[in-house]
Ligand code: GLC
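Next up is one chain by itself, shown in structure tokens, the form predicted alone.
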């Protein structure tokens, strides 16, 4: 395990770009929102100063309206598409123009909870920015105050091409000029592990619509080509608000406590919108077609992480967890293997993602399901130790897929093995790369 801990730190250090960490070289050469949050959690185990700098660099890209975008382009890179010039007309955008799952508050609370006065001080300097980010989600993605968040692009979910979005994507009209773009991802990763061309055409169609309306949040919400209630974003956001409340109390920020409590109450009620009685699970709801997805995904299981649902609904979710784990060699796949759209190797349509496993295991443990939570954690560790720091993994064979030397995979490995980390080993190793903690 010592060698793998050293390898995980090496992966993160090698992906450092001076204050921010890329997910992996070439395939993802920029800073991603939820990647940076999880990576900061891992970095905090061996370099506190650098971990907070990661989050500061992320929050520095926050828009005036409070949004923290899903990609920050610190520089243009021909290896990545769509780059900054694709997001806005007649402007060199420094960021993408929608967000990603808002895990930030939960990550910061974890860092503060196990930290010291330094961590508390750093969290205090970022608190108002996190509040603004959460306010943006309610204003931009729930303007009618329905109690749940609707995403405007599958990329905003972080689970780009999962079957949750198939219904909505099928009805999107693809403009004639869409096919002229040139993807870069399939030059770095086998195309069988990536979204199909048809899906990518539809992703780009939504992007073009957004660009043409200058990403007006009202137009995107009410008139955009895609709108879905995403269990992943909603459950992560509900948990984030609960963790934000704990952080506010810890910092003694009494003036915001009632406001955050109200947000939690709203989201707790709104989550019922996603309960799909036919499959006895929380699933995505497509707003343009007014219908549920029938896919039980790893995002469905995040209801336990959020503490959402009735006791009966929670039991159904735990039963789904047990059933799915019985089917797979490793848990937890991104899609129920019994679903007709399951593909064990294709991006978000079957493979295992370590960050999702991390949250699912927390949720199971919160419900007292310690044995299942431990299995998922052990599977995650075993996958990484057997197949490396891959972006995602085949739930049947365990083979690592997608990008290699992946930052958030390395970070989750460190987090899961934190009790076994030798501080002297880390201090000696991190100094091998001069300047990592000189931000």
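Worth saying up front: this structure is predicted, and the values here are computed from it rather than measured. Positions refer to the first chain, counted from 1.
Omitted from view is the form predicted together with this ligand, to which the following refers.
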Worksheet item: Considering this ligand in the predicted complex, which of 163, 331, 158, 351 comes within 4.5 Å of it through any heavy atom?
Response: 158
Practice prompt. Identify, from the list 148, 347, 215, 305, the residue with a heavy atom within 4.5 Å of this ligand in the predicted complex.
Written response: 347
Discussion item. Taking any heavy atom pair closer than or equal to 4.5 Å as contact, tell me whether residue 35 reaches this ligand in the predicted complex.
Written reply: yes
Item to complete: Examine residue 28 and determine whether its closest non-hydrogen atom to this ligand in the predicted complex is within 4.5 angstroms.
Response: yes
Practice prompt. Determine whether any heavy atom of residue 95 comes within 4.5 Å of a heavy atom of this ligand in the predicted complex, and answer yes or no.
Written response: no
Worksheet entry | Residue contact check: residue 394 to this ligand in the predicted complex, 4.5 Å heavy atom | no
Worksheet item: Among 368-376, 402-410, 60-68, 40-48, which stretch sits within 4.5 Å of this ligand in the predicted complex, heavy atoms only?
Response: 402-410
